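Heads up, the chain below is alone and in the form predicted on its own; it's given as structure tokens.
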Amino acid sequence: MGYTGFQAERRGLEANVTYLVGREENVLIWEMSLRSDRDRKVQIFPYVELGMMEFLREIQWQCYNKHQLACYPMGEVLVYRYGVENQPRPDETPLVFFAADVPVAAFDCDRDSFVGSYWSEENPVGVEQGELSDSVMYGGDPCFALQLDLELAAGEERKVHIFLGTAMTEEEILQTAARCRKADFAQRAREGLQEQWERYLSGFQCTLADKDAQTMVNIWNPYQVERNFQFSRNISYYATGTFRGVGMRDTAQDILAMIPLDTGRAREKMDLLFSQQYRDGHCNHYFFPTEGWEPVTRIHSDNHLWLIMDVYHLVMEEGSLEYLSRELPYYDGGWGSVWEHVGKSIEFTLSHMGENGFPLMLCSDWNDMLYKVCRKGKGESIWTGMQFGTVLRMMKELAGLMGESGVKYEEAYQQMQEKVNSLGWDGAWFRRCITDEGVFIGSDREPQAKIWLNTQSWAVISGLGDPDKQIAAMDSVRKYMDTELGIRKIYPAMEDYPSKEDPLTYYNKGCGENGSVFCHANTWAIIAECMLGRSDYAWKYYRQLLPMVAQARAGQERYRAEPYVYASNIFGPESDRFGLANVSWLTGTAAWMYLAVTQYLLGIRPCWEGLSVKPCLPREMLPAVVTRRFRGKVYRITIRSNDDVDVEPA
């Protein structure tokens, strides 16, 4: 957890390299272990290609601004200074340094000198010649390159540590490098990292008959949860990190999975999100707390409602109403308690209802593709109505705990329930939304996109659907939408709907929003089947999306994503690339899949009175054993059957 390792061997020389960042210094540690089968001399050339610290500036103005950069030695430490005109926060821009804990024979700071004209980083001229040029760079293309000359005796293991770090001044660099070079520094960093992850992961551990599922629950799913919680959707192999900032909807959902693992960190992030709520109850769509840019102020029908879910889950986890009284600012001025903030969320939706009685779509709901149905401001979201019903039940329960009346929440819930079961019902499933022109999308009467996954699952999650309609809707999901690699988001995919001139989406059939297996939405189908008590269906939907299972079933070359983290979507059967996984790591799938398996399949959910244990596991997964940290204690839970559970202190 938290480190990356590589191993290689050639002609009797073994090399193992581990990369990690510890907690003591702002340094990436490269720990290299070398072993030789005979006496030999070895040269090591650690290298870093340095870019500008502002991605967009590098794209736009690199040809000029590169002449304001500097890269130079300071003893045996290389230093990179990024200082260009009009950079936004020069006082917060650190120096970057590169050092080793063995003598440096030579170095290069100029990339052209190290790589060479007509050469490349595959075979830099400095490496091929076996000697670097001690180049410095005051204007040009910077790099860090070290030449480390070692002598290895036969059978000897030699460790070398290289440090890529940041500090604010040259003096701090020298002090940091000196601390890093101490004999036990790298070992302490590794041990501290291990302890940190063990403490985090120990919050929930299980023993299951299905070892793939067990590995996901115990290790990879909470690991992905933590990465998303920390970085939101900001940067990865798929995302540039240049425009997304912190998304309100994305981050609020990430928080749901962090709450049972670390309530302190969850609270801090919730405070941040509430600072983006306006006094009328709506929220900025996404914002930039690090960059300091202006937020994206587009109003979506769902953003502010996710905050209620966060608050409810936190209160149940802690068994305390204390957070509800916390005073937090509104984005447009003034302060209010958290309880007042979430009350504003309800008021905003109630004041933005469409003529059919469902919440106005505004700029879209959870499915951004639906922005075209509401360009005139009349489009309504049946799904947001179901999300609204879900949080209305939460608000009613919280109001009771606060000693207040929950009648207004109950009345609003009943009104939404009537609408969902009348206008929202299509005969065999629930419709998705209503366009500006009054067309019901997600209806059997429409030529394409007849059934949408989300309204079927959320009719169950919200409890708004009549019991017989809930079952019929989820049966329709199984009949029309399930595949060998997961449930597709809509069926059938769209090609020219509602018209060729102005289609609802330009996604190709079976891709992304248009008929792919949208993994995020699959999590809610799992939860819905658990709530219906249909464990076999719930487990099938869960297991078929386990990354190692999906990759094995699709084939490595077809799947093309990591077999240990969830992807946002998998191309669906209406694509000729059915089985291709897209946008791994950065997806709400991680948080919701963790909730689905821990709180619904394993059934261990916090409630005001304590832990509620109501598993929904198929017979072949029993017995199961769980340890769960809860309100300062650790419990051992043995699930012999869905109706036979033992809970005891661990």
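Just count from 1 along the sequence shown to find any residue number. In this text, all values refer to a predicted model and were calculated from it rather than measured experimentally.
If you look for the form predicted in complex with a small molecule, you will not find it shown, but the lines that follow are about it.
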- Message: Based on heavy atom distances of 4.5 Å or less, which listed stretch (365-373, 327-335, 415-423, 556-564) is in contact with the small molecule in the predicted complex?
- Response: 365-373
- Listed residue (267, 469, 352, 244) with a non-hydrogen atom within 4.5 angstroms of the small molecule in the predicted complex: 244
- With the small molecule left out of view, choose which of 341, 313, 431, 489 has a non-hydrogen atom within 4.5 angstroms of it in the predicted complex. 489
- Query: residue 518 near the small molecule in the predicted complex, any heavy atom under 4.5 Å?
  - Reply: yes
- Applying a 4.5 Å heavy atom distance criterion, does residue 250 contact the small molecule in the predicted complex? yes
- Any of the heavy atoms of residue 318 lying within 4.5 Å of the small molecule in the predicted complex? no
- Task: Indicate whether residue 513 is a 4.5 Å heavy atom neighbour of the small molecule in the predicted complex.
- Result: yes
